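Coming up is one lone chain in structure tokens, specifically the form predicted on its own.
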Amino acid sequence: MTDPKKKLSTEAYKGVRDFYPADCAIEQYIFGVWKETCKKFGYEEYMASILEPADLYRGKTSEEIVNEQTYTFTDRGDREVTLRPEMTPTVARLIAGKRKTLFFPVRWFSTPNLFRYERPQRGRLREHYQLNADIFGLPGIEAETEIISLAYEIMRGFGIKDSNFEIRINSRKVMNYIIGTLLGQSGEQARKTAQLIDRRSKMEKEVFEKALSELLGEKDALLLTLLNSKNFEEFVSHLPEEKELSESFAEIKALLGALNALGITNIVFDQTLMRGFDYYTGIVFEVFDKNPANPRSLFGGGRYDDLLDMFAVEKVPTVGFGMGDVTIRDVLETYDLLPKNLPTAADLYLSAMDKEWTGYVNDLAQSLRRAGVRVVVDYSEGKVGTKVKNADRAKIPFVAIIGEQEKTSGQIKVKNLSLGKETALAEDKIAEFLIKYQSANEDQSTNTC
């Protein structure tokens, strides 16, 4: 039992965040770019519960996440549940459940809250929000082209230049062929090799090569030759001319050609790119900032055609990606791209000069709100100068103080605090005046948490 005398900490749980209004405004700016861009591509928004059966993640999500990073517990009904660490299994469940009534291809997006128990560090926390965008029911390379184009347009939507980031691509089909057929590995050994390749960039050269030798023995030389290839052509030259490989290489070339045709030229082939999840079956990609301040992958995704197998239903070819809010905010800070003029709480700061005019002020505020104006009413009995200072501190652009003269004349003096200019307006003209100003100056989202 909690000691009633013990004072509770005001600190948040380790690795999660509190969003005070200014932080929330930035978060909503990020959400706004995500949602606006997805909708331009015709994607529909969906949502789901943060709780899922623990079995949903076993066997498809990476072992590291399932065994070490999930928040899993037994509920009061003796059911094992997990706070979702990723969204892909959830959306697969939704598609599997309604597949008979859906019109394919389905284009969906969501901005879920995700939880993973890991060491908090730059770009990675125990809780974050993430954009997930997926296209279901399109087996051809057109799906990869569209989903990577969507990711690219989101980066551009944030004002990030092509020269500041690159999109790295690879094929799990090719890498699985190399590991399974050429290296003769399967099961747990194949998984360990794939995971080791995925961690290569985070390891010292000697440490990586030693670990590879322990896994592969004398076959490590072949894999090292492939991993050390300087470009796609050199990589291909070291592989046999097999039909399965040729088809995968043609797929990669077609994707590169389609993206280049769209003007997306900051694409790099990276044979070490594996993506940590076990469900990827084809093209995979990740986006990287070129600034050394952000050394980790910003986000990524790929094709996962077999994920619906766990629900014992027919396959639905799928390509998707996830983009976290933590890493993208780091990048926006790096390039000074966070919005400078955050949304204000209201358009007008309204107050009565004396208490006897409070009823009139409330009536006016209600009328203005119904006309679409955001109004804060100050009920304090302070001096006019103090009220104006309070409005200024709150960054509310207009202030009006109501007294006998204003009520009697029907002319309300509305002051623009940034210009120091007063405009006398009839009650029925105030809303039009403020909405016109708001429309001309609003360049950020006014959503709230």
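Owing to the predicted nature of the structure, the values given are computational and were not obtained by experimental measurement. Residue numbers run from 1 along the displayed sequence.
Beyond what is shown, the protein has a form predicted together with a small molecule; the following relates to that form.
Colleague: For the chain shown here without its partner, which stretch in 278-286, 187-195, 201-209, 96-104 has non-hydrogen atoms within 4.5 angstroms of the small molecule in the predicted complex?
Modeller: Among the candidates, contact is made by 278-286.
Colleague: State the residue from 234, 118, 214, 333 whose non-hydrogen atoms include one within 4.5 Å of the small molecule in the predicted complex.
Modeller: Contact residue from the list: 118.
Colleague: Using a 4.5 Å heavy atom cut-off, which residue among 329, 374, 219, 128 comes into contact with the small molecule in the predicted complex?
Modeller: By the 4.5 Å heavy-atom cutoff, the listed residue in contact is 128.
Colleague: Would all three of 32, 39 and 339 be in contact with the small molecule in the predicted complex, where contact means some heavy atom lies within 4.5 Å?
Modeller: The answer is no: none of the three residues contacts the partner (heavy atom, 4.5 Å cut-off).
Colleague: Should residue 137 be classed as touching the small molecule in the predicted complex when contacts are defined as heavy atoms within 4.5 Å?
Modeller: Residue 137: no, not in contact with the small molecule in the predicted complex.
Colleague: Can residue 349 be called a contact residue for the small molecule in the predicted complex at 4.5 Å between heavy atoms?
Modeller: Taking the distances in the predicted complex, the answer for residue 349 is no, it never comes within 4.5 Å of the small molecule.
Colleague: Given that the small molecule is not shown alongside this chain, does residue 132 nevertheless sit within 4.5 Å of it in the predicted complex, heavy atom to heavy atom?
Modeller: Yes, residue 132 sits close enough to the small molecule in the predicted complex that at least one of its heavy atoms falls within 4.5 Å.
Colleague: Does residue 88 reach the small molecule in the predicted complex, with heavy atoms at most 4.5 Å apart?
Modeller: Because a heavy atom of residue 88 falls inside 4.5 Å of the small molecule in the predicted complex, the answer is yes.
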